[in-house]
Structures are given as C-alpha cells and as structure tokens.
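Only one chain is given next, in structure tokens, and it is the form predicted on its own.
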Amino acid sequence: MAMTRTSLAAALAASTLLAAPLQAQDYGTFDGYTLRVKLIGGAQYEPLYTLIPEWEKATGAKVEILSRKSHFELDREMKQDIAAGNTGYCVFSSHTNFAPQYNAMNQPLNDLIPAEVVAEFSPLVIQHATVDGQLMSLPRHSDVSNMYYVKSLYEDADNKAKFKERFGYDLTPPETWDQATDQAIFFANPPDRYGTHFAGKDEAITGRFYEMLVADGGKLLNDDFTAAFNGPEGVMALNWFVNLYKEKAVPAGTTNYVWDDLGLGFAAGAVAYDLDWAGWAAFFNGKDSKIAGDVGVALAPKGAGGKRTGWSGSHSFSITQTCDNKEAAASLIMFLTSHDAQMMEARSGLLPTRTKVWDDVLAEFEAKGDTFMVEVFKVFGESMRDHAFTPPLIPEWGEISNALWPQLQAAILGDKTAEEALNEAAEEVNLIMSDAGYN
C-alpha cells in the first residue's frame, strides 16, 4: 500500500473539488467570532473542509479546528469530554448510530434548523438522526456497504472453469454469504492476493457481525433488551469471519484493520472482493488505483435468513449544549450539508442525505457517460432504499459494541470458540443493560 492517507485525501480532494463555486446563500453575519469545532478526519471526509474558507468569507467568522481524528478516536474523545465537562466548543462530527450516546451534550436542532431545510433531507436519514423526538444531528452522508470486486478475476475463463470444477456452480459475484466464502477461499493466494478482508476491531467488526447476524435471521437484543446474539444465528455469523481467517483467505492483520485499510488494500489489488461503502468508488476507479477500470459493483450478499446485509447510518454534525453562539454553529452545519456541498461529496461516491442530490448527481454522471458511477449510485440507492437498517438507537450501543468486539476478535484469532465468545459477550451485555435499567 504505497499511498498514504494524507496523499489519498489530497487525491480525493483533487478529484472532487467543485467545478463551479457554491451557490450564493445567506448564512448570516458573525464578524469577529471564532467557532470552535471537532471534526472527523480521514481520506473521504477532509475534502469537504476545503470549503470552510468560503463560509468564513461569507459570514465574517473563523473556524478553529480543535480535533481531526478517526471516528473511533473522536468517539472516545467525545465521551472523555462529557465525563470531564469539557465541551467548550460548538460543533462536532457525530454519527446517527453514535448520537444517542452524546445526549448529555447534544443540543436539539429542531429550533435551530428551519423546517424547510430539514424537509430537503431524506425522511429515513432524518428519522435515524432523531432521538426521543428531537433532531440531534444534521446528516452529512450515509453509510451502507455493498460488494466491489475485480472484474477480470471473475471474467477469466480459466478461473471460471476451475471454480466450477471445485464448487459445482458458475463463478459470478456472490449472491449469498456461503458463495462469498467459497470465492474468498478460491481467490486467495497469499501473500500476493487474498480473497477478501474485513475491519477487525472497534465498532467496525461489531457492525459487520451485527449485519451478518441480521442477514442470517438473528437479532441483537430480545424485546426485554437482553442479549439475543448468542444463539445459532450468531454462531453462524461469527463463524463466517472465523473460517475465512482459519483458511488464510484474509490477511493475518485483518483483525487490526479499520476502514481506510480496507479501501487502500482493495485499490492496491490485494483482494478479490471488498464489502465497502460507496465513498471509495471514485478512488477505486481513479488514476491512483491499481484496479482502475476493472471494478465491478453488486449488492451485498444474502445471509441464511434470506436478508441482505445492510448495517447503516449517517455521518452528521451536532452542536453542543454549551455552545456560545448556536446560530453560528447552525449556519456552519447547514453550509457543510448544503446541496452544493453534498454534490461535492457525492461526486466521489459518498451517499447524499438530501433527496435532490441523489437525482442531480445521477443526472450529472449520466450526462458525462460515467457508467461506473451510475452503476454505483443505482446499486447503493437500492441498498439504502430496501436493505438499510441501523443498530438500536440507544445510548448503550457503544458499550454493547465494546463488550462484543474483543470477544469476536478472540474467536477469529482462535482463542475461543464462537459459542464461548458470544456467551461471554452476552453476559457482559446483559449486565450493561440491567445496570442501565432496561430489565
């Protein structure tokens, strides 16, 4: 992986900068005011921040960025800030799945963001951003994963013949997770190439397990909020990861991977298929990718329960309750989620949260004859419409994840069986939910 995250961010920025300036809008006047913010960092997120000087010029305010970290690092910082009462800033990057954890500092946005602005967003993402009837964040772009694959590997006649001889069915992008397992094993040729890979720590592996669990017909929690994930469906879901690791169909380091590692590894031609989000699409097919022009995209496979994986949510912006200028904060987050700002991000594949941007960016790709990005948006659009679901929008989601992922990792590494790992995680989750007063 020769490309660093910094150079990747620069490449993405160069590929997604607006062809025309943002539309002139009235974002208010805040002469001399400095708005202090904490923002998510990383390759796909930072090009948007190149627009901040335009907001500064329009409003007379300045933006001071106090943090720019990965979401997991930022999440830990948010919780430390809440515990220490250290929320002397105004805007922070949030996520609809994480927002319920930040209730202590979330400023409800209902009276700060005009209803006509909220109405321009997808009703589903606004629903996901609403906690206990209050809008807690303004969605920036959405997440859901689908399958990217290296087309030439699947179209190769020799691969097709050998695969059919070995597994008894035609080699095509996998429709089920059982087929995905076969193909990951078939294509693995370590250390030159692996069948696939997965993010193996933090909420990244919890979420992957969660969506596999749902696809296999299981659920995370029972109606009384006790753990439900340690049944047969959970064991089946976890063993998908365990088996691929045992078969060396994934890199040995996959348990330490998070999102950037997956995107960079796929773009380097190191894996045959990659379950990933749409934000990588333009980069995968761009000049800095070794698989440019050779990338296919398909819906995520179905699990044993007949459901496709579709763990979802939206990156978003929130305002702290202690913010000393909430109007300026609201102005900035409306600017950063405006139609033109979302068009900028959508051009790289990030899924917009405004309804009109979906139509406008598709029309733009079609007009340019960019059939790959048209396919990306159609596949991911179907996924968002028909298969997307969030984890429970409760403050304990983070604690549940922190109880689960070390146990998932232990099973993948062979330190415990799937049953042992899930039962130990279930005991911890039941204690968390009981302490929180759910049962």
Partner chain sequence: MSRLRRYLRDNAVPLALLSPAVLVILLVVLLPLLFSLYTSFSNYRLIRPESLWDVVWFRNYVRVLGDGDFWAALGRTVLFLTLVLNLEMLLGLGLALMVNRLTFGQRTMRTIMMFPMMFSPILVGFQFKYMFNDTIGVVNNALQSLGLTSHAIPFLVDRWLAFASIAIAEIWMSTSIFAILILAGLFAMPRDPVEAARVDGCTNWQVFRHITLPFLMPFIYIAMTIRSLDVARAYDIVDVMTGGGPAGRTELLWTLIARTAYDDSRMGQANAMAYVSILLSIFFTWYFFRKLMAARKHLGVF
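Positions refer to the first chain, counted from 1. Note that the structure is a prediction, hence the values are computed from the model and not measured. Here, rigid core means the biggest group of C-alpha atoms that superpose within 1.5 Å across both forms.
Note that the form predicted in complex with the partner chain isn't included here; everything after this is about it.
Checked against the partner chain in the predicted bound form, the candidates A115, A161, A367, A252 yield a single residue with a heavy atom inside 4.5 Å, and that residue is A252. Only one of the listed residues (W405, F30, Y45, F377) places a non-hydrogen atom within 4.5 angstroms of the partner chain in the predicted bound form, and that residue is W405.
Contact with the partner chain in the predicted bound form holds for all three of P395, E399 and L431, each having a heavy atom within 4.5 Å. Shown alone here, T130 lies farther than 4.5 Å from the partner chain in the predicted bound form, counting heavy atoms only.
At least one heavy atom of L413 is located within 4.5 Å of the partner chain in the predicted bound form. At least one heavy atom of Q80 is located within 4.5 Å of the partner chain in the predicted bound form. Taking the partner from the other structure, the partner chain in the predicted bound form has a heavy atom within 4.5 Å of a heavy atom of Q101. Checking 280 to 288, 191 to 199, 215 to 223, 343 to 351 against the partner chain in the predicted bound form, the stretch whose residues place heavy atoms within 4.5 Å of it is 191 to 199.
Scanning 125 to 153 for heavy atoms within 4.5 Å of the partner chain in the predicted bound form gives no residues at all. When two forms of a protein are overlaid on their rigid core, residues whose CA moves 2 Å or more are considered shifted, and R208 is not one of them between this form and the one not shown. Once the cores line up, the CA of H71 ends up 2 angstroms or more apart between this form and the one not shown.
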